[in-house]
Ligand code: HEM
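Shown below, as C-alpha coordinates, is a lone chain in the form predicted alone; questions about how it binds or moves come after it.
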Amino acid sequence: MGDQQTLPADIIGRLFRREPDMLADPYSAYRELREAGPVIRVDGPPQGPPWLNAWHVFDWASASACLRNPRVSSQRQMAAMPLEHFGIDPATPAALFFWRMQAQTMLTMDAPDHTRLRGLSLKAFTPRVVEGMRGEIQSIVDSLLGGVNARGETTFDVMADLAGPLPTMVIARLLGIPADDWAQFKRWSDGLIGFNITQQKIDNFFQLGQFLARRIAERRREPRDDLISGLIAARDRDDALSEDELVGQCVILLVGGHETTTFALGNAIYRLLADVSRWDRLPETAIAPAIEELLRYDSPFQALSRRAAADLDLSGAPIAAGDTVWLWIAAANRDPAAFPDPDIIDLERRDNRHLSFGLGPHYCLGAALARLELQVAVATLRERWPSLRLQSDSVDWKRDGAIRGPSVLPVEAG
(Lines give C-alpha, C1' and ligand atoms only; values in the text may rest on other atoms or scores of the structure.)
Protein backbone atom coordinates (compact mmCIF):
# COMPACT_ATOMS: atom_id res chain seq x y z
CA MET A 1 0.00 0.00 0.00
CA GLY A 2 1.52 3.28 -1.11
CA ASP A 3 2.15 6.17 1.26
CA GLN A 4 -0.56 8.22 -0.48
CA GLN A 5 -3.11 5.62 0.67
CA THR A 6 -2.12 5.56 4.33
CA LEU A 7 -4.44 8.35 5.44
CA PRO A 8 -7.53 7.20 3.46
CA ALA A 9 -6.96 3.58 4.54
CA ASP A 10 -6.73 4.62 8.18
CA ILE A 11 -9.91 6.71 8.01
CA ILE A 12 -11.84 3.99 6.17
CA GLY A 13 -10.72 1.41 8.70
CA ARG A 14 -11.91 3.59 11.56
CA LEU A 15 -15.27 4.05 9.82
CA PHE A 16 -15.67 0.28 9.46
CA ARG A 17 -14.64 -0.29 13.06
CA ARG A 18 -17.25 2.29 14.06
CA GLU A 19 -14.97 4.08 16.45
CA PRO A 20 -16.82 6.52 18.75
CA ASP A 21 -15.63 9.72 17.07
CA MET A 22 -16.58 8.32 13.67
CA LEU A 23 -20.02 7.36 14.92
CA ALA A 24 -20.54 10.81 16.39
CA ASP A 25 -19.54 12.57 13.16
CA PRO A 26 -18.66 10.46 10.11
CA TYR A 27 -19.38 13.36 7.77
CA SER A 28 -16.10 15.19 8.35
CA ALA A 29 -14.30 11.98 7.39
CA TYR A 30 -16.51 11.56 4.33
CA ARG A 31 -15.68 15.08 3.22
CA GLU A 32 -11.96 14.47 3.58
CA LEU A 33 -12.17 11.18 1.68
CA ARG A 34 -14.33 12.62 -1.09
CA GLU A 35 -11.83 15.42 -1.59
CA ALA A 36 -8.96 12.90 -1.61
CA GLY A 37 -10.71 10.59 -4.08
CA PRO A 38 -13.51 10.55 -4.73
CA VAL A 39 -12.88 6.91 -5.79
CA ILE A 40 -10.14 5.37 -3.66
CA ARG A 41 -8.44 1.98 -3.88
CA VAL A 42 -7.22 0.47 -0.59
CA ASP A 43 -5.02 -2.63 -0.76
CA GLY A 44 -3.85 -5.00 1.94
CA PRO A 45 -3.31 -8.65 2.89
CA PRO A 46 -5.53 -11.17 1.05
CA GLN A 47 -7.32 -12.20 4.26
CA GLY A 48 -7.61 -8.69 5.64
CA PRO A 49 -10.79 -6.95 6.81
CA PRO A 50 -13.53 -6.18 4.26
CA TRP A 51 -12.45 -2.61 3.55
CA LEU A 52 -9.09 -3.80 2.17
CA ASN A 53 -8.53 -4.90 -1.43
CA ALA A 54 -11.52 -2.86 -2.48
CA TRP A 55 -12.58 0.40 -4.07
CA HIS A 56 -14.40 3.04 -2.03
CA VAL A 57 -16.73 5.59 -3.62
CA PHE A 58 -17.59 8.86 -1.84
CA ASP A 59 -19.20 11.17 -4.41
CA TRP A 60 -22.77 11.26 -5.70
CA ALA A 61 -21.97 10.99 -9.42
CA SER A 62 -19.81 7.87 -9.06
CA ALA A 63 -22.13 6.19 -6.54
CA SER A 64 -25.23 6.79 -8.64
CA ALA A 65 -23.42 5.59 -11.77
CA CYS A 66 -22.53 2.33 -10.01
CA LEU A 67 -26.09 1.79 -8.81
CA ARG A 68 -27.39 2.12 -12.38
CA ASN A 69 -24.61 0.23 -14.18
CA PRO A 70 -25.52 -3.37 -15.17
CA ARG A 71 -21.80 -4.20 -15.15
CA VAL A 72 -21.74 -3.57 -11.40
CA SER A 73 -23.20 -6.69 -9.84
CA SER A 74 -25.22 -7.11 -6.66
CA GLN A 75 -23.87 -10.65 -6.28
CA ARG A 76 -21.54 -9.35 -3.62
CA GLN A 77 -21.66 -12.59 -1.65
CA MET A 78 -19.32 -13.93 -4.36
CA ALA A 79 -16.65 -11.53 -3.04
CA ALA A 80 -17.39 -12.09 0.65
CA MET A 81 -14.84 -13.55 3.03
CA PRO A 82 -15.38 -17.15 4.14
CA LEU A 83 -17.08 -17.71 7.48
CA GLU A 84 -13.87 -19.21 8.88
CA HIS A 85 -12.38 -15.71 8.76
CA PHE A 86 -14.85 -14.75 11.50
CA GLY A 87 -14.14 -17.85 13.60
CA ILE A 88 -17.37 -19.56 12.51
CA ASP A 89 -17.64 -23.25 11.63
CA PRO A 90 -19.14 -23.27 8.10
CA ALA A 91 -20.45 -26.83 8.44
CA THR A 92 -23.09 -26.18 11.11
CA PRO A 93 -26.77 -26.11 10.02
CA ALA A 94 -27.01 -22.41 10.90
CA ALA A 95 -23.91 -21.52 8.86
CA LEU A 96 -25.00 -23.63 5.89
CA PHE A 97 -28.40 -21.94 5.92
CA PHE A 98 -26.85 -18.48 6.20
CA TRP A 99 -24.52 -19.01 3.25
CA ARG A 100 -27.22 -20.67 1.12
CA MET A 101 -29.60 -17.77 1.69
CA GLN A 102 -27.00 -15.22 0.57
CA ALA A 103 -27.70 -16.17 -3.04
CA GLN A 104 -31.49 -16.45 -2.67
CA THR A 105 -32.64 -12.88 -2.10
CA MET A 106 -33.23 -9.85 -4.29
CA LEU A 107 -30.38 -8.06 -2.55
CA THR A 108 -27.77 -10.43 -3.97
CA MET A 109 -29.25 -11.10 -7.42
CA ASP A 110 -28.94 -9.50 -10.82
CA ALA A 111 -31.34 -9.60 -13.76
CA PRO A 112 -33.13 -11.70 -14.81
CA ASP A 113 -33.54 -13.43 -11.41
CA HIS A 114 -33.70 -10.14 -9.54
CA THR A 115 -36.38 -8.87 -11.93
CA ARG A 116 -38.41 -12.04 -11.44
CA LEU A 117 -38.31 -11.95 -7.64
CA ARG A 118 -38.87 -8.22 -7.40
CA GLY A 119 -41.92 -8.47 -9.62
CA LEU A 120 -43.51 -11.02 -7.30
CA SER A 121 -43.34 -8.65 -4.31
CA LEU A 122 -43.80 -5.33 -6.08
CA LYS A 123 -47.61 -5.39 -6.08
CA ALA A 124 -47.58 -5.25 -2.27
CA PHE A 125 -45.61 -1.98 -2.32
CA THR A 126 -47.23 0.05 -5.09
CA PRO A 127 -48.05 3.67 -4.18
CA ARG A 128 -51.78 2.87 -4.24
CA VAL A 129 -51.45 -0.10 -1.90
CA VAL A 130 -49.11 1.79 0.43
CA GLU A 131 -51.38 4.82 0.57
CA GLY A 132 -54.19 2.45 1.49
CA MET A 133 -52.19 1.55 4.60
CA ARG A 134 -52.14 5.13 5.88
CA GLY A 135 -55.05 4.59 8.26
CA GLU A 136 -53.50 1.42 9.70
CA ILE A 137 -50.11 3.11 10.17
CA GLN A 138 -51.81 6.06 11.85
CA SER A 139 -53.62 3.64 14.16
CA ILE A 140 -50.35 1.94 15.13
CA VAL A 141 -48.64 5.29 15.82
CA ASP A 142 -51.59 6.47 17.90
CA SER A 143 -51.55 3.23 19.88
CA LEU A 144 -47.81 3.44 20.57
CA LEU A 145 -47.94 7.06 21.66
CA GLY A 146 -51.09 6.36 23.62
CA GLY A 147 -49.08 3.77 25.53
CA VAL A 148 -46.64 6.50 26.51
CA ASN A 149 -49.53 8.64 27.75
CA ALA A 150 -50.99 5.73 29.68
CA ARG A 151 -47.79 5.35 31.69
CA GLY A 152 -48.20 8.89 32.93
CA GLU A 153 -44.52 9.68 32.42
CA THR A 154 -43.14 12.95 31.11
CA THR A 155 -40.06 11.33 29.57
CA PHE A 156 -39.77 8.43 27.14
CA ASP A 157 -37.37 6.84 24.67
CA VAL A 158 -38.30 7.56 21.05
CA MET A 159 -36.43 4.45 19.89
CA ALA A 160 -38.03 1.97 22.32
CA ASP A 161 -41.51 3.49 22.32
CA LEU A 162 -41.97 4.49 18.67
CA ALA A 163 -39.14 4.09 16.16
CA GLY A 164 -38.38 0.48 17.10
CA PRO A 165 -41.84 -1.08 17.25
CA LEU A 166 -43.57 0.89 14.46
CA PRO A 167 -41.79 -0.54 11.38
CA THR A 168 -41.76 -4.00 12.97
CA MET A 169 -45.52 -3.94 13.45
CA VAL A 170 -46.17 -2.59 9.95
CA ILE A 171 -44.07 -5.16 8.08
CA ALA A 172 -45.34 -7.97 10.31
CA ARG A 173 -48.93 -7.12 9.49
CA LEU A 174 -48.07 -6.97 5.79
CA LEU A 175 -46.53 -10.42 5.95
CA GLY A 176 -49.35 -11.74 8.14
CA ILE A 177 -47.28 -12.52 11.24
CA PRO A 178 -49.34 -12.71 14.46
CA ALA A 179 -48.85 -9.96 17.02
CA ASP A 180 -47.73 -12.49 19.64
CA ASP A 181 -44.64 -13.23 17.51
CA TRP A 182 -43.54 -9.64 16.86
CA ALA A 183 -41.17 -9.23 19.79
CA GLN A 184 -39.51 -12.57 19.12
CA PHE A 185 -38.81 -12.06 15.44
CA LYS A 186 -37.60 -8.51 16.12
CA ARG A 187 -34.96 -9.90 18.50
CA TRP A 188 -33.78 -12.29 15.81
CA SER A 189 -33.72 -9.73 13.00
CA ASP A 190 -32.23 -6.73 14.82
CA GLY A 191 -28.61 -6.14 13.88
CA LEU A 192 -28.46 -8.63 10.99
CA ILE A 193 -27.46 -5.86 8.57
CA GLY A 194 -23.79 -5.17 9.14
CA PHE A 195 -20.18 -5.22 8.06
CA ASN A 196 -19.10 -8.05 10.33
CA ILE A 197 -20.44 -11.56 10.81
CA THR A 198 -20.72 -13.06 14.27
CA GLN A 199 -21.91 -16.40 15.56
CA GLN A 200 -24.86 -14.63 17.19
CA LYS A 201 -25.90 -13.17 13.84
CA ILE A 202 -25.62 -16.57 12.17
CA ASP A 203 -27.73 -18.17 14.89
CA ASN A 204 -30.34 -15.39 14.81
CA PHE A 205 -30.56 -15.60 11.03
CA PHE A 206 -31.10 -19.34 11.26
CA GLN A 207 -33.78 -18.97 13.93
CA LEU A 208 -35.54 -16.32 11.84
CA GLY A 209 -35.44 -18.59 8.79
CA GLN A 210 -36.89 -21.50 10.75
CA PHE A 211 -39.60 -19.24 12.16
CA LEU A 212 -40.58 -18.06 8.67
CA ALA A 213 -40.50 -21.61 7.29
CA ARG A 214 -43.08 -22.55 9.94
CA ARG A 215 -45.25 -19.56 8.99
CA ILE A 216 -45.00 -20.57 5.32
CA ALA A 217 -46.13 -24.09 6.19
CA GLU A 218 -49.10 -22.67 8.10
CA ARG A 219 -50.11 -20.49 5.15
CA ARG A 220 -49.94 -23.46 2.82
CA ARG A 221 -52.51 -25.17 5.00
CA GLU A 222 -54.59 -22.02 5.57
CA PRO A 223 -53.95 -19.25 3.02
CA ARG A 224 -54.80 -15.70 4.09
CA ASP A 225 -54.81 -12.25 2.54
CA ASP A 226 -51.17 -11.45 3.26
CA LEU A 227 -47.86 -11.25 1.45
CA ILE A 228 -46.61 -14.67 2.57
CA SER A 229 -49.72 -16.32 1.14
CA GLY A 230 -49.28 -14.37 -2.09
CA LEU A 231 -45.68 -15.52 -2.47
CA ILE A 232 -46.71 -19.11 -1.76
CA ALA A 233 -49.37 -18.90 -4.47
CA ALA A 234 -46.77 -17.67 -6.94
CA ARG A 235 -44.41 -20.47 -5.90
CA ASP A 236 -47.01 -23.25 -6.17
CA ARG A 237 -48.96 -21.98 -9.16
CA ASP A 238 -46.27 -20.74 -11.50
CA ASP A 239 -43.14 -22.27 -9.98
CA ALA A 240 -41.90 -18.69 -9.95
CA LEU A 241 -39.93 -19.24 -6.74
CA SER A 242 -37.79 -22.07 -5.48
CA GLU A 243 -38.42 -23.08 -1.89
CA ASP A 244 -35.17 -21.40 -0.81
CA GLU A 245 -36.13 -18.24 -2.71
CA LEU A 246 -39.50 -18.21 -0.96
CA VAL A 247 -37.88 -18.32 2.48
CA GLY A 248 -35.18 -15.86 1.39
CA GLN A 249 -37.77 -13.38 0.13
CA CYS A 250 -39.64 -13.45 3.43
CA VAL A 251 -36.41 -13.04 5.40
CA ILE A 252 -35.22 -10.06 3.43
CA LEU A 253 -38.63 -8.36 3.43
CA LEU A 254 -38.78 -8.74 7.18
CA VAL A 255 -35.23 -7.61 7.95
CA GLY A 256 -35.11 -4.88 5.32
CA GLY A 257 -38.59 -3.72 6.17
CA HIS A 258 -37.96 -2.61 9.71
CA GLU A 259 -34.38 -1.97 10.82
CA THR A 260 -33.52 0.75 8.31
CA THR A 261 -36.84 2.51 8.88
CA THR A 262 -36.33 2.37 12.65
CA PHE A 263 -33.06 4.27 12.44
CA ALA A 264 -34.26 6.61 9.70
CA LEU A 265 -37.06 7.66 12.04
CA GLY A 266 -34.69 7.98 15.00
CA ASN A 267 -32.30 10.12 12.96
CA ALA A 268 -35.12 12.33 11.70
CA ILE A 269 -36.55 13.03 15.14
CA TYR A 270 -33.09 13.65 16.58
CA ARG A 271 -32.24 16.21 13.89
CA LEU A 272 -35.58 17.98 14.31
CA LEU A 273 -35.12 18.26 18.06
CA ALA A 274 -31.40 19.08 17.96
CA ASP A 275 -32.41 22.50 16.64
CA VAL A 276 -35.78 23.26 18.23
CA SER A 277 -36.51 25.92 15.62
CA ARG A 278 -36.96 23.06 13.12
CA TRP A 279 -39.36 21.30 15.46
CA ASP A 280 -41.27 24.49 16.20
CA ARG A 281 -41.85 25.40 12.55
CA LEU A 282 -42.63 21.84 11.42
CA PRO A 283 -46.44 22.40 11.25
CA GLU A 284 -45.85 25.14 8.66
CA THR A 285 -43.54 22.89 6.63
CA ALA A 286 -44.68 20.41 3.99
CA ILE A 287 -43.99 17.03 5.55
CA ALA A 288 -42.97 15.14 2.39
CA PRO A 289 -39.95 17.30 1.39
CA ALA A 290 -38.99 17.64 5.05
CA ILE A 291 -38.72 13.86 5.40
CA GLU A 292 -36.72 13.61 2.15
CA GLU A 293 -34.24 16.16 3.48
CA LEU A 294 -33.87 14.36 6.79
CA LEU A 295 -33.27 11.09 4.91
CA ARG A 296 -30.58 12.81 2.84
CA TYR A 297 -28.90 14.47 5.77
CA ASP A 298 -28.64 11.31 7.88
CA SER A 299 -29.00 8.21 5.76
CA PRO A 300 -29.54 5.17 8.00
CA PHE A 301 -27.61 3.03 5.52
CA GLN A 302 -24.07 4.40 5.50
CA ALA A 303 -22.54 2.09 2.89
CA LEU A 304 -23.23 -0.95 0.76
CA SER A 305 -21.07 -3.14 -1.43
CA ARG A 306 -21.12 -4.20 -5.06
CA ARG A 307 -18.89 -6.34 -7.26
CA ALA A 308 -17.61 -5.42 -10.71
CA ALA A 309 -18.89 -7.98 -13.22
CA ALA A 310 -16.65 -6.54 -15.94
CA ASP A 311 -13.81 -4.06 -16.30
CA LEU A 312 -15.04 -0.49 -16.09
CA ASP A 313 -13.84 3.07 -15.66
CA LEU A 314 -15.42 4.90 -12.74
CA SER A 315 -14.52 8.58 -12.58
CA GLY A 316 -11.08 7.69 -13.94
CA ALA A 317 -10.56 4.71 -11.61
CA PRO A 318 -9.72 1.48 -13.50
CA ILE A 319 -11.95 -1.08 -11.75
CA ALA A 320 -11.30 -4.67 -12.80
CA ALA A 321 -13.83 -7.47 -13.09
CA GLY A 322 -14.25 -9.15 -9.70
CA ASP A 323 -13.22 -6.11 -7.68
CA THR A 324 -15.28 -5.19 -4.62
CA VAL A 325 -16.72 -1.67 -4.65
CA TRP A 326 -18.02 0.03 -1.49
CA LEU A 327 -20.55 2.78 -2.14
CA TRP A 328 -20.64 5.26 0.74
CA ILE A 329 -24.24 6.39 0.42
CA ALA A 330 -24.11 8.77 3.39
CA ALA A 331 -21.07 10.50 1.87
CA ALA A 332 -22.72 10.82 -1.55
CA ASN A 333 -25.74 12.42 0.12
CA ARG A 334 -23.50 15.23 1.40
CA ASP A 335 -21.71 15.84 -1.92
CA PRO A 336 -21.73 19.59 -2.67
CA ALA A 337 -21.62 18.83 -6.40
CA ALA A 338 -25.11 17.31 -6.07
CA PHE A 339 -26.61 19.26 -3.16
CA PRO A 340 -26.08 22.99 -2.53
CA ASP A 341 -25.01 23.59 1.07
CA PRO A 342 -25.11 19.86 1.82
CA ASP A 343 -24.25 20.22 5.51
CA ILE A 344 -27.28 22.43 6.14
CA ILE A 345 -30.73 20.95 6.78
CA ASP A 346 -33.16 22.67 4.44
CA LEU A 347 -36.58 21.17 5.14
CA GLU A 348 -37.91 22.76 1.96
CA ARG A 349 -35.12 21.48 -0.30
CA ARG A 350 -36.38 20.55 -3.78
CA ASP A 351 -34.96 18.21 -6.42
CA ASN A 352 -33.64 16.09 -3.58
CA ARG A 353 -31.91 13.21 -5.38
CA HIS A 354 -30.58 11.50 -2.28
CA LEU A 355 -29.47 7.87 -2.47
CA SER A 356 -30.80 6.70 0.90
CA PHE A 357 -33.17 4.30 -0.89
CA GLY A 358 -30.65 3.45 -3.59
CA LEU A 359 -31.14 3.95 -7.31
CA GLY A 360 -31.70 1.88 -10.42
CA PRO A 361 -33.05 -1.68 -10.50
CA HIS A 362 -32.30 -2.26 -6.80
CA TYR A 363 -34.11 0.87 -5.65
CA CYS A 364 -35.64 0.05 -2.27
CA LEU A 365 -38.85 -1.92 -2.76
CA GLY A 366 -40.34 -0.51 0.44
CA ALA A 367 -39.33 3.13 -0.08
CA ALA A 368 -42.92 4.37 -0.34
CA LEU A 369 -43.89 2.47 2.80
CA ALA A 370 -40.91 3.80 4.76
CA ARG A 371 -41.67 7.36 3.64
CA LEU A 372 -45.28 7.03 4.77
CA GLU A 373 -44.27 5.63 8.17
CA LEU A 374 -41.85 8.51 8.73
CA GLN A 375 -44.34 11.15 7.61
CA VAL A 376 -47.15 9.85 9.81
CA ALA A 377 -44.93 9.26 12.85
CA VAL A 378 -43.16 12.63 12.75
CA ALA A 379 -46.34 14.63 12.08
CA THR A 380 -48.27 12.82 14.83
CA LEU A 381 -45.46 13.21 17.36
CA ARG A 382 -45.25 16.95 16.62
CA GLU A 383 -49.02 17.37 16.92
CA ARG A 384 -49.22 15.45 20.19
CA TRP A 385 -46.19 17.05 21.87
CA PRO A 386 -45.38 20.45 20.34
CA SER A 387 -42.99 21.18 23.23
CA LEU A 388 -41.03 17.92 22.90
CA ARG A 389 -37.34 18.35 23.70
CA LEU A 390 -34.22 16.18 23.86
CA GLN A 391 -33.13 15.19 27.34
CA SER A 392 -29.48 15.35 26.32
CA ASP A 393 -27.41 16.84 23.51
CA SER A 394 -25.27 13.69 23.36
CA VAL A 395 -26.42 10.61 21.46
CA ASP A 396 -25.66 6.95 22.08
CA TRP A 397 -25.18 5.78 18.49
CA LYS A 398 -25.78 2.19 17.40
CA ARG A 399 -22.36 0.55 17.43
CA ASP A 400 -22.93 -2.56 15.31
CA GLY A 401 -23.68 -2.94 11.65
CA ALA A 402 -23.77 -0.81 8.53
CA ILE A 403 -26.65 1.29 9.83
CA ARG A 404 -26.18 4.52 11.77
CA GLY A 405 -28.79 5.86 14.15
CA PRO A 406 -29.52 6.38 17.84
CA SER A 407 -29.71 3.28 19.97
CA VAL A 408 -31.68 5.31 22.53
CA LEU A 409 -33.21 8.77 22.18
CA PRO A 410 -34.65 10.03 25.50
CA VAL A 411 -36.99 12.99 25.23
CA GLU A 412 -39.02 15.20 27.54
CA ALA A 413 -42.68 15.50 26.58
CA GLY A 414 -43.09 18.88 28.28
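Quantities reported herein were computed from a predicted structural model and do not represent experimental measurements. Note that residue numbering begins at 1 and tracks the sequence as displayed.
Beyond what is shown, the protein has a form predicted in complex with protoporphyrin IX containing FE (HEM); the following relates to that form.
> Considering non-hydrogen atoms and a 4.5 Å limit, does protoporphyrin IX containing FE (HEM) approach residue 185 in the predicted bound form?
Looking in the predicted bound form, residue contacts with protoporphyrin IX containing FE (HEM) do not include residue 185, since no heavy atom lies within 4.5 Å.
> Classify residue 356 as contacting or not contacting protoporphyrin IX containing FE (HEM) in the predicted bound form by the rule of any non-hydrogen atom within 4.5 angstroms, answering yes or no.
Result yes; residue 356 sits at the interface with protoporphyrin IX containing FE (HEM) in the predicted bound form.
> For residue 362, is any heavy atom within 4.5 Å of protoporphyrin IX containing FE (HEM) in the predicted bound form, or not?
Residue 362: contacts protoporphyrin IX containing FE (HEM) in the predicted bound form.
> Can you tell me if residue 300 lies within 4.5 angstroms of protoporphyrin IX containing FE (HEM) in the predicted bound form, counting non-hydrogen atoms only?
Heavy-atom contact with protoporphyrin IX containing FE (HEM) at 4.5 Å: present for residue 300.
> Based on heavy atom distances of at most 4.5 Å to protoporphyrin IX containing FE (HEM) in the predicted bound form, which listed stretch, 369 to 377, 345 to 353, 49 to 57, 30 to 38, is the contact stretch?
It is 369 to 377 that comes within 4.5 Å of the partner.
> Using heavy atoms only and a 4.5 Å cut-off, decide whether all three of 145, 151 and 274 touch protoporphyrin IX containing FE (HEM) in the predicted bound form.
None of them does, since no heavy atom lies within 4.5 Å of the partner.
> Can you pick out, from 101, 208, 107, 228, the residue that has a heavy atom within 4.5 Å of protoporphyrin IX containing FE (HEM) in the predicted bound form?
Result of the distance check: 107.
> I need to confirm a contact call. Of 329, 163, 325, 268, which residue comes within 4.5 Å of protoporphyrin IX containing FE (HEM) in the predicted bound form, counting heavy atoms only?
Comparing distances to protoporphyrin IX containing FE (HEM) in the predicted bound form, the residue within 4.5 Å is 329.
> Does any residue in 258 to 286 get within 4.5 Å of protoporphyrin IX containing FE (HEM) in the predicted bound form, counting heavy atoms only, and if so which ones?
The stretch touches the partner through 260, 261, 264.
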